[in-house]
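The chain below stands alone and is given in structure tokens; this is the form predicted on its own.
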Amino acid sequence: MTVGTRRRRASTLAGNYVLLLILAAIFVGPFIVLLASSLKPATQDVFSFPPDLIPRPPVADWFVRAWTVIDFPRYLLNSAIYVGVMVPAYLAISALTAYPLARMRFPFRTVIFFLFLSTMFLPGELMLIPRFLVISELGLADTYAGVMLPGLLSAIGIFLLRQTFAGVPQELDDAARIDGCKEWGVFWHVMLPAAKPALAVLAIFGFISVWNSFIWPLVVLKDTSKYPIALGISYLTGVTGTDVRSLAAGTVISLIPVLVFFIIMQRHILEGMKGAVKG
């Protein structure tokens, strides 16, 4: 390897690292500013430019205030309930819908698949009124079930899993059937393990979507005790007025479960990719 080649490779590597640092600053920067604002004392400006990221001294008063001024634990519990029910149900329904669309032969299969896909192009705001009317007719307005029911089926989940199932070699199906597996056995023992990375991705997206849900709960709920955490934080804004530090502290608390869940599921994604490479 010549000296010129080494220099070009070193320059390329340095450029890549600089680009990654810039992207990291763009994506992580807002969270750092948020965390710094939640730790700053009342005497330190939170709107200074360039941002002052070092609290002098760091204080936890705003976290205590955010936790006590509203029923924060209740809102966290509500979001945990929504996530604990909706994400597993969402994954199960998406998988059970995608499997026949990918591996079974029946009339109008392609038409049904494209009908599911067509719903991806409808703005969510357009569906608010029809969904609310249906939920109201079912008597589920202002209930936990009314918040959860519309989110149990998603075209993007069906699309992703359908493509994943369609990419599984047919030989695996045949081997499982020779071993005595019925249709459910093929789905459970062959398809789901093969779709583990896709399921982990959907779980992350579903968790974030449910945890951050705001518009639909705002429309369907009247009882504030059923609010998820995103609505609870907006309620915190109304209680504390322009108390930016308390709002930032409440937002940081609400982000902790999302970060923990992402770290856990990221490990499953990497394990699934390693297994796919070894296979």
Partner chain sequence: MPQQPGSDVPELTPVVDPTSPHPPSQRVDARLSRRRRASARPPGASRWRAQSNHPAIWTPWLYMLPGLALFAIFFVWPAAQAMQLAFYKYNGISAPVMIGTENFERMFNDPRFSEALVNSFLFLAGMIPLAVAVPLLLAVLVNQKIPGIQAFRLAIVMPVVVSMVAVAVTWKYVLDAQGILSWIVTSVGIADEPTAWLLSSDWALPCLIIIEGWKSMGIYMMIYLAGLQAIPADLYEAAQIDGAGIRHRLMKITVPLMIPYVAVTSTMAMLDAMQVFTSVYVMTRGGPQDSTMTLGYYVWSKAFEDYEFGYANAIALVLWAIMIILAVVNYQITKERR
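Values in this document were obtained by computation on a predicted structure and should not be read as measured data. Rigid core here is just the name for the largest C-alpha set that superposes within 1.5 Å across the two forms. Numbering follows the first chain given and starts at 1.
Omitted here: the form predicted in complex with the partner chain. The next part is about that form.
Of the residues given (F187, F72, Y82, F159), F187 alone sits with a heavy atom within 4.5 Å of the partner chain in the predicted complex. In the predicted complex, the partner chain lies within 4.5 Å of some heavy atom of D174. Residue contact with the partner chain in the predicted complex: P88 places no heavy atom within 4.5 Å of it. The partner chain is not drawn, but in the predicted complex it has no heavy atom within 4.5 Å of P57. Among residues of the shown chain, T68 is not one whose heavy atoms approach the partner chain to within 4.5 Å in the predicted complex.
Scanning 8 to 23 for heavy atoms within 4.5 Å of the partner chain in the predicted complex gives R9, L13, N16, Y17, L19, L20, L21, L23 in sequence order. Relative to the superposed core, W62 undergoes a C-alpha shift of no less than 2 Å between the shown form and the other one.
Taking 2 Å as the criterion, L35 counts as shifted between the shown form and the other one: its C-alpha moves by at least this amount when the rigid core is aligned. With the core held fixed, V46 shows a CA shift of 2 Å or greater between the shown form and the other one.
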